[in-house]
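We've got the same protein chain twice here, in two forms, each standing alone as structure tokens: structure 1 and structure 2.
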Structure 1
């Protein structure tokens, strides 16, 4: 009988900011253990929160085999690997003073604005072992900065946001980044008459990512149906399952089923070609596809596909160089948005800036964007690059052409 165990331990400290002041501090700890057993083509699962008797948990998992949930029995073979990524981490007593200092600096530097929401620091360890000899361990920590910003005198619940995950905390860089947004916030510009490139966040890919999931693709209900191995987007588009441990989002080098990837990456879209599908052990076996390292699971659930490690890879080193020092519309905040099953996108833009020669120069009126996803990532695409207007915020943008509905 094959058996595997995944243990996930999370400790986090969280500071809440209300109206330019730190008003709460939260300590959270979580320990989850899941044991999965495989026999007769079925899976049995038992999970626990907190410390547990693993032998008893394994017995519970064996009892669940009678549920008859079909699942492939193969496990990752052999190998030991440990990656401990030790970044800066605030200890319990350090978090509140550091955040108070940051909020104080922000309030002082930008007296016309009100700052709120959260700063979190998270320490995460995942440990996977199986009966085939695999023993993988990952440990990392990160800061999650998530600030809402409201102009004093505004009737909106928030006017803009500043958010990023980073493996270090640098108040000066955060203040500098926020200044990039706020120093020109009152410079209200008319919408330029000429057609400009738009710089949209990579989240726009969420609308097409589900079409790369093996089950959907193989069922014939994917927008990319029948195009595996074919050019579907511009050559500048590469979309990877990214499990290199230099990520700031605490994605281990293995997925929740212990799958590891060559070079810790798997190209789903490679140079515009649909190179692979998003799989985990069950879908890979059902459709004879390679594993993409995309298994995700609840602490006591059957694994399924997850997309937390998906990354749109930059095609160019510099946004400024990509645009040749020219102007573009930087979409700083959208309000919803969606795509029809024909690929037509509608994207209401809550806040946009005029981007010029590597800088934000002023705020544009509200508008919406529309286009088709195959145009956005196809012939209209200019390139994909890190937003070089910011020092600390790790943001990749898609430079493309879309219809601006004023």
Structure 2
């Protein structure tokens, strides 16, 4: 009988901000343990939240083998590895004063606006062990700022936002970044007459990412069906399962089934070619595909695919250089978008800026964008690069051409 155990603990230190002031501080801990046993081609699962008796949990998992849930029994083989990637954001007891000073500086620098929401530091640890000798441990932390910003006198709940995750804290850079958005916020510009490139967040890839999942692809319902090994996008597009621990997203070097990757990453799209499919242990076995390190599981659920470690890789070092110092439309806020099953994409844009020579120069009227995903990431693509208009915000943007519907 094979057995594996995954323990995950997330500790969050959260500063809440209301009406330009810090109003509360909260520490929360979320400890989860899952034990999975395998016998006769079946899986038994038991999970617990908080401290638990692991021997009793293992017995519960064995009892659940009688449910007859089929699952491959193969486990990762032998090996020990530990990765600790922790940063010191604040001295002990200094988080609240530092955040209070930051919020005060923002309120002073931008008196026409009201700031709210949260600033967090998050520490995440994951430990995977199995009966085949694997013992993997990861520990990391990150700084998360998520501000809502409302213009005084506005009838909206919020008018714009500023947020990012980073592996350090720098109040001066955060204030500078917010200034990039707010110093030109009242400079309302008409929509340019000429066709300009658009700078859209990498989240637009979510609309096509599910078509790379092995089950969907093999069921014949993927837009990429039959294209494994073929060029599907521009050569500048590379989409990886990225488990290098230099990331700020707290993704460990192993997935929830203990799968590790050569070089800690797997290329799903490589230079525009559909190189692999998103798999976990069961889908890889069912379809005779390699593992992509994409398993995810609830503390008491059967593993399935996950997308937390997926990353669109930059193709160019500088957005400014990519655009040759020219103008573009920077999409700062979009929600409610959708994609049809033929790949036609529509994105309502609630807030956009005119970008020129590496900086934002003013706010454009609301509009919507439309195109086909194969055009956005195909012939219309200019490149993928970090938004160098900001100092602290870690944001990668897709520079492409789309139809602007005024």
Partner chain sequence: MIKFRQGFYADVRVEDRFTTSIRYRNGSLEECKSSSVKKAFIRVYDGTMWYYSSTYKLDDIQEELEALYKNATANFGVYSTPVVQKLEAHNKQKLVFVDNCVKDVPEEAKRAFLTQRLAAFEGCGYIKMTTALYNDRYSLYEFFSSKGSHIKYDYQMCGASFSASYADGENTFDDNLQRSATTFGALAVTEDDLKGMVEEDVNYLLNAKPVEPGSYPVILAPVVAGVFAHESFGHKSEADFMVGDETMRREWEIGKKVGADILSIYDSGLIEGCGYVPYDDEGTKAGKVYLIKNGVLAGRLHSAATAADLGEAVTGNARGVSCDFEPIVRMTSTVIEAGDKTEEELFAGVSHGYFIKGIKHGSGMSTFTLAPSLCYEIVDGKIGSPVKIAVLTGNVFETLNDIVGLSDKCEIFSFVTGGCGKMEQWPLNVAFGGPYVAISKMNIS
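Think of the rigid core as the biggest set of C-alphas that the two forms share within 1.5 Å after superposition. Only residues modelled in both forms are compared. The model shown is predicted, which means the values in this text are computed figures rather than measured ones. Residue numbers count along the first chain shown, from 1.
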TODO: Quick one: identify the form predicted on its own, either 1 or 2.
DONE: 2
- [ ] Provide the ranges, sorted by sequence, of consecutive runs with at least 3 residues in which each Cα shifts 2 Å or more between the two structures, based on a superposition on the core.
- [x] 89-95
